[in-house]
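Take a look at this single chain, the form predicted on its own, given in structure tokens.
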């Protein structure tokens, strides 16, 4: 094609392009999707996009990352990287990906922060529970496995990117932090694509960027016993939030509740609180710290959160009392005016 012919073809095509543009203009809108089953939970992504198709592609990328993390870190998948570690790390160092190594380092950091209340080696006992089948280990089985529950048994070598266990019987499970990590990865993916207003949720772990154009996102915290009732509604912008409760995966037996948050000191379900909601800059942080209260109790956990400085929490105790960190304490109720006439407001 010569230059003149090419120019004419361009001019001839121009009206068609203009017509198509007018027929289907890019339109800014909220785009959302919900997918069940990844990491054994419900994944929700909602975002504001200048173009619907671009928004859908961004959500595709988030879901692909969620599936990658599930494939890598699920103990329910025999071929996963974490399953390979559990199978071989007691025999010697196992080389692992940079991603998994970094998350194990973060898990150990939270173990130190919480004085061992968060401990991914809980799985040395925890793997014997099956909440769907209503099965729990015997006291003898717990006693035999409990010496393997100690985060100090987890040895990381940064120079070689390897992990090993210091004794047989140790298992790890990232269920207490991987969902939060996946939410943070989802947010990173959206931000790299230019998304500035979004929410990514994996089960009880969520992170929000931006607002809803002048209005905050409203997140409700459910009552531990009545799923349709909320104990608080929080207006949120640019933050992460995780709620852990004894009502998520559990069964009751002879008046005792057995649930998925295991006390690493005893091997039994932790029962110091009913639910704990934690707010912090990242979902990895909120996920990793939300189980602390179940093991240490509300007051001790709040003391840790206050000391950290970037964490707030709402905790429901077994007696139903709700405790708050200072940053979330509701304002005190106004005292009635003694001089006001009866019936006045």
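Positions refer to the first chain, counted from 1. The model shown is predicted, which means the values in this text are computed figures rather than measured ones.
What comes next is about the form predicted in complex with a small molecule, which does not appear here.
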Honest question, do 207, 310 and 312 all end up within 4.5 Å of the small molecule in the predicted bound form by heavy atom distance?
no
What stretch, of 115-123, 218-226, 160-168, 84-92, brings heavy atoms to within 4.5 Å of the small molecule in the predicted bound form?
115-123
Sort through 103, 240, 198, 261 and report the residue having a heavy atom within 4.5 Å of the small molecule in the predicted bound form.
261
Evaluate residue 184 for contact with the small molecule in the predicted bound form, applying a 4.5 angstroms cut-off between non-hydrogen atoms, and reply yes or no.
no
Could you confirm whether residue 136 comes within 4.5 Å of the small molecule in the predicted bound form, counting heavy atoms only?
no
According to a 4.5 angstroms non-hydrogen atom cut-off, is residue 193 in contact with the small molecule in the predicted bound form?
no
Residue 267, heavy atom within 4.5 angstroms of the small molecule in the predicted bound form
no
